[in-house]
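As a starting point, one isolated chain is supplied in structure tokens, in the form predicted alone.
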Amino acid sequence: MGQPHWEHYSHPADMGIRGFGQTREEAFAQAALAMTAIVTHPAKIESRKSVAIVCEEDDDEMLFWYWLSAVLYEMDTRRMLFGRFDVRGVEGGLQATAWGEEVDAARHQPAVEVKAATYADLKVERDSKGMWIAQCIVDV
């Protein structure tokens, strides 16, 4: 199987994000990195502070949407960017830790703001090679 990674894909008005992983949780973490990469390069973000995130939902696609929404909420309310994620599946949802730091406009040079995860093109599935894919369109 391939290595965990993320990518962006084009959409007429917004931006598509896609995470790939050997587990569903790895794909979720990679998709969160893809979302961060819309704002700034994740390598510019130092892991100075950790934030716990818990999401409850049995449906994989809705759990993914809640996950991204929770990450965006933490980014917005804490004025932080996250460059590393540890996502663990638990019964009825997930528990995660996001590491990052407060936004430093001079160093991070934020390009755009991600406003929301959407239901558009929302998908969580395994491909023919067994890799998990988690994707959706985000509103920028």
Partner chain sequence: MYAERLKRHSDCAWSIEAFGPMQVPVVVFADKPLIDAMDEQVYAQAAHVAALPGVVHASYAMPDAHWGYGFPIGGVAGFDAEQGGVISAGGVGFDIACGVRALTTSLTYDDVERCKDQLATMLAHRIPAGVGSRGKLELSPDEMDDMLRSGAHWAVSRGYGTEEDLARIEENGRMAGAEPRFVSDHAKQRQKDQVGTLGSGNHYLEVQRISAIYDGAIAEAFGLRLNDVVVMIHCGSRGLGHQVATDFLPRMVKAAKSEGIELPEKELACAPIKSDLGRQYFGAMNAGINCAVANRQVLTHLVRQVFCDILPSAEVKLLYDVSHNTCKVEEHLVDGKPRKLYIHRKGATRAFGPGHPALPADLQQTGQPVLIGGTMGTSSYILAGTRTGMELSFGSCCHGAGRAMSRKQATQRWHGKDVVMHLAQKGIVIKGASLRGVAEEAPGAYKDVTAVVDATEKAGLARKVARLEPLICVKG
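Every value quoted in this text rests on a predicted model; they were computed, and no experiment measured them. Residue numbers count along the first chain shown, from 1.
One more form of this protein exists, namely the form predicted together with its partner chain; it is left out here, but the text below deals with it.
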**Message:** Is Gln95 part of the interface with its partner chain in the predicted bound form - any heavy atom within 4.5 Å?
**Reply:** no
**Request:** Give a yes/no on whether Ser10 approaches its partner chain to within 4.5 Å in the predicted bound form, heavy atoms considered.
**Result:** yes
**Request:** Indicate whether Arg79 is a 4.5 Å heavy atom neighbour of its partner chain in the predicted bound form.
**Result:** yes
**Asked** Quick one: is Asp14 in contact with its partner chain in the predicted bound form, heavy atoms, 4.5 Å cut-off?
**Response** yes
**Fill in**
Of the residues spanning 50 to 72, the ones with some heavy atom within 4.5 Å of its partner chain in the predicted bound form are Glu61, Met62, Trp65, Tyr66, Ser69
